[in-house]
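In the block that follows, a single chain appears as structure tokens, in the form predicted alone.
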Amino acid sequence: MSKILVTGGLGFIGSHTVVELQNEGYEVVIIDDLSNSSENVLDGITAITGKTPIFEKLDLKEKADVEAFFAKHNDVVGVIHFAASKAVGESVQEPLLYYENNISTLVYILKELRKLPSASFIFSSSCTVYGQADELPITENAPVKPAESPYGNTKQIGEEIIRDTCKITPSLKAIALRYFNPIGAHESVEIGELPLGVPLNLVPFITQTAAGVREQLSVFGDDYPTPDGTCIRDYIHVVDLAKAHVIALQRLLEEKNKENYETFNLGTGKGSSVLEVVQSFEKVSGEKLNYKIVGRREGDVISAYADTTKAAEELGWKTKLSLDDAVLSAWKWEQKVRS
């Protein structure tokens, strides 16, 4: 049974990926510093899979602790690296915090992986590397634009660091997964998105508004050059996304990769506007949402959705769950959290 390290494994995408890994028979070790997650998530993972992953509370910024972890778990064959600070706005206010937390931790992990006879590495990247793309849908060949935020820049720099490391390390194989907008929750409602403080993403803000936690949803701008004037994004169900991480890892473990470093877009291939997501929520929940149109928000790209051809052809992966599925699962999760 292969041992896989999942950093940030108690977070939103991390926890769903741990579930899929355990369902496939992998032994999972989670590292999480609990700065943006809760140890209670372990109970949800256990309830779904019937097995509790190994958990180590550890700050990856502490180089000596990272070295000690790999000395103890020297049988790790693969790493899925989620641990990172991820708030765009906060990154603008606290750039050094983001560069330290997102870059130094990556470097320390890669240094340890270079010592192993072979290692497979999956990096949690983002469609933010494309900025406002010149063409839609966005393919993996789209140019990487200057980052709009320090957060986005850490994803670009992270990809460059991994690519450069793979060039000089034949024993290391890596895939960067550039995902679009993950939403939803596990169908069991045992795990889901748990934003601390005011949500920064659309769907948790919608569900919290419907639950009475937030007074009103602000829709930032209705004068964009889109069919209904609101921004368009590619919303992907977190369970579909989690399954893609397992498939990408298996590609590396089975040595089916064509290069030492590969990139894949993960999305549905379909864009949905902010108002379409609101309408989807109202339809599946039966709740009327209190929202209002306000001015545009700085830094928002107009439209972004994925060309998923490469993931379909190379990984044999595509999404199975719809926007309605994702929004309904997010609403059920919100209701459980508030009950």
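Start at 1 with the first residue shown and count on from there. Fair warning: this is a prediction, and the values are worked out from it, not measured in the lab.
One more form of this protein, predicted in complex with a small molecule, exists but is not displayed; see below.
**Q** Only one of 263-271, 168-176, 247-255, 123-131 gets a heavy atom within 4.5 Å of the small molecule in the predicted bound form; which is it?
**A** Checking each option against the 4.5 Å cut-off leaves 123-131.
**Q** Considering the small molecule in the predicted bound form, which of Leu116, Val213, Val189, Leu200 comes within 4.5 Å of it through any heavy atom?
**A** By the 4.5 Å criterion, the partner-contacting residue is Leu200.
**Q** Would you mind picking the one in Val77, Val239, Ile162, Cys231 that has a heavy atom within 4.5 Å of the small molecule in the predicted bound form?
**A** Selected option: Cys231.
**Q** Does any heavy atom of Leu217 come within 4.5 Å of a heavy atom of the small molecule in the predicted bound form?
**A** Judged by the heavy-atom cut-off of 4.5 Å, Leu217 is in contact with the small molecule in the predicted bound form.
**Q** Give a yes/no on whether Lys61 approaches the small molecule to within 4.5 Å in the predicted bound form, heavy atoms considered.
**A** Looking in the predicted bound form, residue contacts with the small molecule do not include Lys61, since no heavy atom lies within 4.5 Å.
**Q** Please check if Phe82 has a heavy atom lying within 4.5 Å of any heavy atom of the small molecule in the predicted bound form.
**A** So Phe82 does not count as contacting the small molecule.
**Q** How about Arg297: is it within 4.5 Å of the small molecule in the predicted bound form, going by heavy atoms?
**A** Within the cut-off, so yes.
**Q** Taking a heavy atom within 4.5 Å as contact, would all three of Phe12, Ile48 and Ser329 count as contacting the small molecule in the predicted bound form?
**A** Checked in the predicted bound form: no contact with the small molecule for any of the three.
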